[in-house]
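Before any questions on how it binds or moves, here is one chain, the form predicted alone, in structure tokens.
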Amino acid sequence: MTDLYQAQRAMRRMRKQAMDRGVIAILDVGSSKIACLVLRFDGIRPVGGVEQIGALAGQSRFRVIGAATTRSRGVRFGEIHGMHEAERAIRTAVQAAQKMAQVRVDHVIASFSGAEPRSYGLDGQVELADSMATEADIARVLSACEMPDIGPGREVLHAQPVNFALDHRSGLVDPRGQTGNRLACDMHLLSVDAGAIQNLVQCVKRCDLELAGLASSAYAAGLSALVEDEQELGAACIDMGGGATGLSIFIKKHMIYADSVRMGGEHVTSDISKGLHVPISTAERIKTLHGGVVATGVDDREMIDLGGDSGDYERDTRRISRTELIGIMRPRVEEILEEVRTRLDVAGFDHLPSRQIVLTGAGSQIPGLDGLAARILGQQVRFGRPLRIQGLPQSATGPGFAASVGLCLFAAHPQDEWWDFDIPAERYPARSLKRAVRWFKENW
């Protein structure tokens, strides 16, 4: 764990160095596509020297100067399964983005959607040495949070303080400079499978790139698809990707829960391919052009040509009604939403003040999905598109790029995490010692 703390601090320093140079790349490694955006941080001044109010407010520090996507290879369920294929796909996307930006990129911030994320809520408190809270006190209270047993083969991906309290005043965002006697902290810790992280890090290194940051794509999608009020009052972002569906819950502008369902749009395509006995490419075309989850009387009369080039006339001229297609797609979509519902119940989503649910990701573009989701999830549901950022091509403004845009915001305005503070060296490894002492007391 100490090695992880140092590695995350090293990545944060690398990100700052890359931003000081002015250029950094964003890499969203998904099961269906790999997207790369090149950002330039050149201190763009707003027109007239005044910060704009609107969709671009607060985003004038950077602009997108290169963008490229390529079909994903070697990635399943949001995790790398084929190192050589994934390396070629990442190289293709990065080189195309560099060519558009006409600049070489050495550092990337990457996101991924799988790796079986698990959320933990931690808390700790300390007495203030002085009557005023300082950054050293924040480091001490973070180190006082009891580290849970996340299990073997797991690593910490995010460890964010979500709430501070001074004496009896809770809900503080930043207690530094405020007076009190006792400082308490609530922290959200997200652990993922260590093998998935190590494979991604190795793959990025094989592409002659330096990793300057890692993030969960569910977290990144929530940053871009949720509006400010939703992040403040409580909302869930469901990122329906190709191989996995990410889930993140925000409140008070902090992520408090994240999970992943190992099903996505590719599973719907696979069901169509198996049910209609057509190739995957044909099934994807049919799903995109004619797909849906709610059948009406008109759909019985709407016929779809399956096509084909097998040479068999009867097979190549087959036709089905749209109702039959919906009958194949709907059960899988319902299964995905039921799994999401289960995870929302586990997280206690019903207790939040505002129970807004935002659907985003390329898989959320199925017609009628919002109505089906409202019936299954039983909440207010809307479709979410990523925020507008300067220089983003029109082709990259759809829901499928919510994680990529969120990663840009994560790079420009990262939230404070555990490793951003100087945890005392003698305090950090003491977690295992504390557990050993407690075990000794309980058993002897």
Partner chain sequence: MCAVILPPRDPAPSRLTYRMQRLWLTPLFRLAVLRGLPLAAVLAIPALWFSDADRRAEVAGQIADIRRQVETRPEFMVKLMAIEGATDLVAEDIREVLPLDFPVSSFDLDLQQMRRTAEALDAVEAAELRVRPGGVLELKVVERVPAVVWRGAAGLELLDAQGNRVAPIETRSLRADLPLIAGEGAQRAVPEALALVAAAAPIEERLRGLVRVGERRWDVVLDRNQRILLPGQDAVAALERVIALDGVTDMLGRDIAVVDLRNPGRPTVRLAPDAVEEFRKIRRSGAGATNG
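Just so you know, these numbers come straight off a predicted model, no measurement behind them. Positions refer to the first chain, counted from 1.
Beyond the structure shown, there is the form predicted together with the partner chain, which is absent from this document and is the topic of what follows.
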With a cut-off of 4.5 Å between heavy atoms, is Arg285 one of the residues that contacts the partner chain in the model of the complex?
no
Check whether Arg88 has any heavy atom within 4.5 Å of a heavy atom of the partner chain in the model of the complex, and answer yes or no.
yes
Check Arg73 for me: does it contact the partner chain in the model of the complex (non-hydrogen atoms, 4.5 angstroms)?
yes
Mark Asn181 yes when one of its heavy atoms lies within 4.5 Å of a heavy atom of the partner chain in the model of the complex, and no otherwise.
no
Only one of 271-279, 97-105, 129-137, 331-339 has residues with a heavy atom within 4.5 Å of the partner chain in the model of the complex, and that stretch is 97-105
The partner chain in the model of the complex has a heavy atom of only one listed residue within 4.5 Å, and of Ser321, Thr92, Gln231, Asn163 that residue is Thr92
If you check Ile251, Leu122, Ile150, Leu209 against the partner chain in the model of the complex, which one has a heavy atom within 4.5 Å?
Leu209
